[in-house]
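Only one chain is shown below, in structure tokens, and it's the form predicted on its own.
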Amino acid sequence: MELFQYLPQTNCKKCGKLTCMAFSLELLKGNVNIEECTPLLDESKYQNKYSKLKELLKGEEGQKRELKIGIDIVKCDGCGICVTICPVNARYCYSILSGKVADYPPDKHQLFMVKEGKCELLSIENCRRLVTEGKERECRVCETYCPRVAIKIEYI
């Protein structure tokens, strides 16, 4: 989100992305370079934003990063909110939609499950941040609603 603040936020699509938010995510993942945002190169208008972006990325621009969803098992108390709040889990595990425990064995698309009193990430491959486009790609629902702040989404 911090990278997005320093983009022009015009959604001009000159970079090939639908929105500046989508461009900022691709920038974070290392899939694009700052210079691909051509309005940002207008020195008179966005020089400060361009400089700040360069500073934030510290020369790591264009280096590929992988999505990581980390679960701090010390902080996690196994409440299961991540299991019920995850849109992917709800889509493929109908028992969650009615407020029940997730099916066992879990569906192959299911991201989270509580096992032995702790949350466990089953498969990151189906996370909305990887398989969708648009606003869904910015999903942080599990991280946002974790009451123990045990879930951390980052690109490393």
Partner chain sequence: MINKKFLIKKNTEFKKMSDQIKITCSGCSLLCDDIIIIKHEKDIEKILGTCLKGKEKFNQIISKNRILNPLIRKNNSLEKINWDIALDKAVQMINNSIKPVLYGLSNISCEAQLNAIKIARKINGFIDSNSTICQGQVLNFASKIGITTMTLTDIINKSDVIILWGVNVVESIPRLLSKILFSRGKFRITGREIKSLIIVDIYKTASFNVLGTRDLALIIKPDNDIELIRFLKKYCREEYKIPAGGNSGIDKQDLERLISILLNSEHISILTGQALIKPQGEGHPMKELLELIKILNKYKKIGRVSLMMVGGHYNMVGFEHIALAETGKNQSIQFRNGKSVQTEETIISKLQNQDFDLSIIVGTDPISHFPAAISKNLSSKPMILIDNKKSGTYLIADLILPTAITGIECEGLAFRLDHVPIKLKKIIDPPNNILSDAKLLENILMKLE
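Numbering follows the first chain given and starts at 1. Given the structure is predicted, the values throughout are model-derived calculations rather than measurements.
Heads up, the form predicted together with its partner chain isn't pictured, but that's what we're talking about next.
Enquirer: Here the chain is shown alone; which of Cys15, Ala22, Cys139, Cys146 has a heavy atom within 4.5 Å of its partner chain in the model of the complex?
Expert: Result of the distance check: Cys146.
Enquirer: Is its partner chain in the model of the complex close enough to Ala102, Met113 and Gly117 that every residue in that trio has a heavy atom within 4.5 angstroms of it?
Expert: Each of the three qualifies.
Enquirer: Heavy atom to heavy atom, is Asp72 within 4.5 Å of its partner chain in the model of the complex?
Expert: Answer no; every heavy atom of Asp72 is more than 4.5 Å from its partner chain in the model of the complex.
Enquirer: Indicate whether its partner chain has at least one heavy atom within 4.5 Å of a heavy atom of Ala90 in the model of the complex.
Expert: Close contact exists here: in the model of the complex, Ala90 approaches its partner chain to within 4.5 Å, heavy atoms only.
Enquirer: If you check in the model of the complex, is Ser98 within 4.5 Å of its partner chain, heavy atoms only?
Expert: Flag for Ser98 set to yes.
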